[in-house]
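Take a look at this single chain, the form predicted alone, given in C-alpha cells.
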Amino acid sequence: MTDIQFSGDKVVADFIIHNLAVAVIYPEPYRGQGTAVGWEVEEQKEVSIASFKGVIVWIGPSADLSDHVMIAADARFYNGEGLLATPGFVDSHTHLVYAGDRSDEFEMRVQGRPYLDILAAGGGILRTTGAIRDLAEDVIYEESAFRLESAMEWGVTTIEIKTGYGLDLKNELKMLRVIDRLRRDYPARIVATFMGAHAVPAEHRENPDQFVDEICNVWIPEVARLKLAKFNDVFTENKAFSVEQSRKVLEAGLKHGLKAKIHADEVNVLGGVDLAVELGCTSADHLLMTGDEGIAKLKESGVIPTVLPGTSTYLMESHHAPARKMIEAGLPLAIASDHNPGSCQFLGAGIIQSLAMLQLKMSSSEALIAQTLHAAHALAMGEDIGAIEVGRRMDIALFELDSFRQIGYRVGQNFLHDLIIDGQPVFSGEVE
C-alpha cells in the first residue's frame, strides 16, 4: 500500500483501464492458512481500474472515476470497452526450461508401453538430461523462450520454472542461468526453483545417498550464493527420493534461505505430505494419491496443495487428484500446468482450467481462483498478485469474452486480447 498516493481525498493514478465490459472481483481474498475462502467471484460491469507505479489504487464504476481518482499529467488510458478483465494467470508449477523432443515416447505411452520399456529405450527424464548437457545455453534459451511466450499468450503473468534436467552442478546452473535470462528479458514475473533432486542420474545410480549429500553440501550452497533461485524442490517418490533423503534436501535448502516445495503423492503415498507439513513447505504438488489423512494434515497447515490435472490427463490416468474433497475440506487448492517434456505438454492456462473442470469437477469460479489467487500463494506471492484488488500489482489478463465462465467452457480456444503487467500493456500497446 506504500505506493498509493493521494491528492486531497483522491488517489493519484498514472495508468487507467477504463470502460471495461466486465471485471472479475474476488470479494474475500484468501488471507489465512489452511482455509479456502472466496471461492465465488463476482463480475462487475462498466468498470475502470486505476494504478500508480504498477499498484492498483482504485476500482469502481467508470462513471465515478473522476470523483475518486486524480489523473497524473503523464497518465495513460487503455480502452477496455468490450473486454473482460481477470487477474493475470499464475502458473505455479512448470518445468518450462528444457530441450529436445520426446514425441516418440508419447506414442509409446498411447500404445500402452509401460514406463520401464520407455526407460529401456533411452527415454524418460534422463533423456532430457542428455539434451541439456549436450546443448549450448543459447539453444536451450531459445527453445524455452518460445514456450514462455506461448504461456503469456494464454494470459499467464507469473510463472514458476524448475531446474532438474541437468542433474550435475554445471548443468543445473546452466538451467538457472537460462531462467534468469528469461526473467530479465520478459515482462512476466518468473520464479526460479532449484530441483537438483528431480531424479538420480546414471552416474550416481549405485549410490544415491552420496548424490543427495552432494546436492546438500555442494549444489545448494552454490545456488544460494549465486541467488539464482527462490525455492528448492524434491521429487519424493519410490522411483526418485525417499522421505529421509527428501528431508535432507529440503532442510539444506531452508538452511541456505531457499523456501521449500515438494512433489508428493504422485504415484505412492510415502509420507511426502507429512514432510511438507513438518517443514512448512510453501506448497505440496501433484497429490494424485493423497487420501483423507493427508487432506486432514494439510488442513491444519499453511501448505498450499497444488494439483496438476494436465499431467494425469496426459498420462491417461484413470484416477485424478481429489480436488473436490480438498475444496470441501476448506483447503486453498491451486492448479498448475506442470508443463514438461515427458508427462505433460499442456501449456495454455485456459486448457488447464478446462481440465480442472472436466477431470476434477471444479466449478469455473474454483478453477479461476485456483489458477490465480491460490496459485500466487503457492509461490509465496499471495499478498501482491493473484486478484484484482486495491494494493495488489496491476497484473491483468484482458479477454474478448462476455464472462470468465467462458474461459473453461471454450476448451482449447484462446480469446486473450492483451496482458497488463505492472500497469504496462504487453502485447498491443493500446494506450491513449
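Numbers for residues come from their place in the sequence shown, where the first is 1. Quick caveat: nothing in here was measured; it's all calculated off a predicted structure.
Separately, the form predicted in complex with N-(iminomethyl)-L-glutamic acid (NIG) exists; it is not shown, and the next lines address it.
Novice: Just checking whether Gly342 would be counted as a contact of N-(iminomethyl)-L-glutamic acid (NIG) in the model of the complex - the rule being heavy atoms within 4.5 angstroms.
Specialist: Yes, Gly342 lies within 4.5 Å of N-(iminomethyl)-L-glutamic acid (NIG) in the model of the complex.
Novice: In the model of the complex, does Tyr165 come within 4.5 Å of N-(iminomethyl)-L-glutamic acid (NIG), counting heavy atoms only?
Specialist: Flag for Tyr165 set to yes.
Novice: For Thr311, is any heavy atom within 4.5 Å of N-(iminomethyl)-L-glutamic acid (NIG) in the model of the complex, or not?
Specialist: Within the cut-off, so yes.
Novice: Find out whether any non-hydrogen atom of Glu160 is located within 4.5 angstroms of N-(iminomethyl)-L-glutamic acid (NIG) in the model of the complex, and reply yes or no.
Specialist: Contact with N-(iminomethyl)-L-glutamic acid (NIG), no.
Novice: Flag this candidate site as yes only if Met175, Lys230 and Lys261 all have a heavy atom within 4.5 Å of N-(iminomethyl)-L-glutamic acid (NIG) in the model of the complex; otherwise mark no.
Specialist: Not one of the three qualifies.
Novice: Looking at 181 to 189, 206 to 214, 94 to 102, 317 to 325, which lies within 4.5 angstroms of N-(iminomethyl)-L-glutamic acid (NIG) in the model of the complex, counting heavy atoms?
Specialist: Contact-bearing stretch, as computed: 94 to 102.
Novice: Which one of Phe346, Phe106, Tyr115, Phe77 is close to N-(iminomethyl)-L-glutamic acid (NIG) in the model of the complex, taking close to mean a heavy atom within 4.5 Å?
Specialist: Partner contact (heavy atom, 4.5 Å) among the options: Tyr115.
Novice: Here the chain is shown alone; which of Ala252, Val223, Ile125, Leu331 has a heavy atom within 4.5 Å of N-(iminomethyl)-L-glutamic acid (NIG) in the model of the complex?
Specialist: Of the candidates Ala252, Val223, Ile125, Leu331, Ile125 is the one lying within 4.5 Å of N-(iminomethyl)-L-glutamic acid (NIG) in the model of the complex.
Novice: For the stretch 230 to 257, which residues lie within 4.5 Å of N-(iminomethyl)-L-glutamic acid (NIG) in the model of the complex by non-hydrogen atom distance?
Specialist: Contacts from 230 to 257: just Phe235.
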